[in-house]
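The chain below stands alone, shown as structure tokens; this is the form predicted alone.
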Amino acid sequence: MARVIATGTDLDALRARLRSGNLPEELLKPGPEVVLRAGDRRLTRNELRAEAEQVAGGLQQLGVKPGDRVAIYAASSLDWVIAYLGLQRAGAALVPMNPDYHSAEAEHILNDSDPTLVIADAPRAAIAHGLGRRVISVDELPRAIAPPMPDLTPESLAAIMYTSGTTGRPKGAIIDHGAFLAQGRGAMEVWRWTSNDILVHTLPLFHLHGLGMGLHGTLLSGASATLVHFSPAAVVAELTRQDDQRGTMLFGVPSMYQRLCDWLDEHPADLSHVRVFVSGSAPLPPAMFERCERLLGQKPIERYGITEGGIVVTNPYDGPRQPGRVGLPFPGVEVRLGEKDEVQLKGGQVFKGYWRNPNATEEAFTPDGFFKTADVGEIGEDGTLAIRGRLKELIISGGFNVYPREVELVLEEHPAVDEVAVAGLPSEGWGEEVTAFIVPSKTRPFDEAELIAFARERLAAYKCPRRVVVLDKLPRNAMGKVEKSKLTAR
């Protein structure tokens, strides 16, 4: 077993501190200042607290009880936030649903989680109704006198977060209130989040990065956030406002930063006041890392996370931010490498198991309690972690192991390559052949033989692509992760 990397001298005490407290009560600390903005709409902390309490009363009148599950199937909005905090204030647990899901995908999650109620916007309400579910509108939430504060503990169920399903049917990760608290408080500590910050919040709220980091971190720190449906123009406008609502933080995924940099190439802007840019959910190519430094005015902080554990590793706020490496563990998190260099996690923010799936839960943990992520990692001499791919994506070609991310990092350096994903395709002679799926850049002609020769100068022959497939774009999920199962299915 490889060495463990961890933060904190007394991990048990640190985990207990991060997990302590009552989530709804802490997230809704009163205050007169604006906490959330979207378009022309503003909510102070007092207003948000009152709205959540009234919605909690309305949900109770509809029969929602502490411990029940309530799904939200809607696009991100202030009403989404109010619905979420209202159901938590009522003691219920969230089942967040990707608003892009169609009926078959929604049916699996609703059947598996079996929520008491579905809160939906108009485009999704018909789908939920058609699946036989009780539905109320997120735009017309019921309101009544607030119920008593539910008797919750850090071990109480807070949410069932479904995995992205890039390699199979999504599984429901059981997240308790203590895990949510540990995630949010950890983000405050490592990214120096304070009440002076304004987050430009572009990430979907159904996802753990947007919810557990973006929303919870904002509310716990006493900061504020502006909800924006991502476009480069909208983001830059919020980051360059000439008033006291100008953003100081941005969280995004690599595809967002690519579009943002494309925009800034044509529309330069002074972003020197922005305190931190955070990137995750998919690898940030080193070339994009350097481009961000030039156009944004600083190197982004690349981090690593997973639905079952939240954001668990990050490059430092102070100190070197290294391209291709995701950094050091969050407070209270232990990281180690197991068999086949699998990244394994333990900590107060790690989930407790899969909903109604004891077999999957048992398979997911080691005997000593580490969660097996199925991600392949490498720990450097400085203790920082790099992610090399997924165990299921490991290519065995001619008896040799090939980690796709290692090949992708090389191909991304070629000026004719805009985006690349590497996967293994069946081969009679090799078992699997290394295949590169390429989106060519618009600045230089693409030549397959030249690219393969470029790889052979930098990699052992067995790691080099034997085949190149040119695409207009790579298939990605809502958080920007390449869906390699769709590539190999071609």
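These numbers were taken from a predicted model, which means no experiment stands behind them. Don't overthink the numbering: it's just position in the shown sequence, from 1.
The discussion below concerns the form predicted in complex with a small molecule, not included here.
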Contact assignment for the small molecule in the predicted complex, among Leu141, Ile387, Met188, Leu271, heavy atom within 4.5 Å: Ile387
Interface residue in the predicted complex among Gly280, Gly348, Pro329, Gly217, criterion: non-hydrogen atom within 4.5 angstroms of the small molecule: Gly280
Residue stretch of 70-78, 260-268, 93-101, 302-310 approaching the small molecule in the predicted complex, non-hydrogen atom distance within 4.5 Å: 302-310
Check all three, Arg37, Asp197 and His229, heavy atom within 4.5 Å of the small molecule in the predicted complex: no
Close approach of Glu238 to the small molecule in the predicted complex, 4.5 Å, heavy atom: no
Any non-hydrogen atom of Lys481 within 4.5 angstroms of the small molecule in the predicted complex: yes
Touches the small molecule in the predicted complex: His207 (any heavy atom, 4.5 Å): yes
Distance check, Glu419 to the small molecule in the predicted complex, heavy atom within 4.5 Å: no
